[in-house]
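Given next, in structure tokens, is a single chain: the form predicted alone.
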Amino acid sequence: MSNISYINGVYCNHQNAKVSINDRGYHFGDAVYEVIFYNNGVFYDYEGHITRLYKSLKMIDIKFHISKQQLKIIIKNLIRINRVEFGSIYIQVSRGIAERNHSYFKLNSKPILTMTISKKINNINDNIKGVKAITIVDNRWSRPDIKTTQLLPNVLAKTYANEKNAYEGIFIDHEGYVTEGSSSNIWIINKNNEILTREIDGKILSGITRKTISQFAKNNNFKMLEKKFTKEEMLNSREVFLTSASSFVTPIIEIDNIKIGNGIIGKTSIELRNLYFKNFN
């Protein structure tokens, strides 16, 4: 973690960065967030992330009066102050401070904006490695399309996956269809060499990296379909990979102890990962 964070107009040492015990983000998860990757002067998918942040705020009725232009100035300042070359910025906006009450009806609170920086080691050029995953029954609330901090089911799923020596937990809905990962969107390449990812149907988060990869696939003449697929289809596919702002394009080579593509990373996953990095470098 880097040294300087931002809380509601103040840049401060991370160890001194504090929010009120009555912040509604702390009480209820009444907050939204975004994570944006940064690499030597370039923000990956910046406009997409910021647009989704404001959309999420609107969807849960948080009146946020900082403009996109003002927000970008703060973000750039935080990057500069922390001397970040490679890493990510976490942005969170809560409804604000108020006495604990479930309802925010007629609540006159001021949203709280916080930001932290994570410096990382540049591993973009490392040899790509496949990961393992497990499947989990999707028990989340019915609005995973809003990027809120209300993530307990995701936290439990990710932790359970890690306990099983897996990188990701993949949610399966009550009809047997794949929704998404605990912190990622899930893709398959089927036997017809078609790239599939679930459509934006309210059951998944509209991933920004997902949108970019989808466009790259179409622009480079891949057969790209946005449609539901079952757990069985996933397990029998040629390739599986996940996408997210922090994992980019990551191949999945084993799910529930079943090897995907004989446990070998497929070339489509590698091509899409390379296209993603090429676009921003």
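Residue positions are given as counts along the sequence shown, with the first one as 1. Since we're looking at a predicted model, the values are computed, not measured.
What comes next is about the form predicted together with N-(5'-phosphopyridoxyl)-D-alanine, which does not appear here.
The partner is absent here, but in the predicted bound form a heavy atom of Leu205, alone among Ile195, Ile97, Leu205, Ile74, sits within 4.5 Å of N-(5'-phosphopyridoxyl)-D-alanine. If you check N-(5'-phosphopyridoxyl)-D-alanine in the predicted bound form, you find a heavy atom from every one of Val35, Asn154 and Arg210 within 4.5 Å. Screening 46 to 54, 62 to 70, 214 to 222, 229 to 237 for residues having heavy atoms within 4.5 Å of N-(5'-phosphopyridoxyl)-D-alanine in the predicted bound form returns a single hit, 46 to 54. Using a 4.5 angstroms threshold between heavy atoms, Asn39 stays clear of N-(5'-phosphopyridoxyl)-D-alanine in the predicted bound form.
Taking non-hydrogen atoms only, Ala245 approaches N-(5'-phosphopyridoxyl)-D-alanine to within 4.5 angstroms in the predicted bound form. Proximity of Ser109 to N-(5'-phosphopyridoxyl)-D-alanine in the predicted bound form: non-hydrogen atoms within 4.5 Å are absent; the residue sits far from the partner. Interface membership of Lys132, defined by any non-hydrogen atom within 4.5 Å of N-(5'-phosphopyridoxyl)-D-alanine in the predicted bound form, is ruled out. Heavy atoms closer than or equal to 4.5 Å to N-(5'-phosphopyridoxyl)-D-alanine in the predicted bound form belong, across 177 to 199, to the residues Glu180, Gly181, Ser182, Ser183, Ser184, Asn185, ordered by sequence position.
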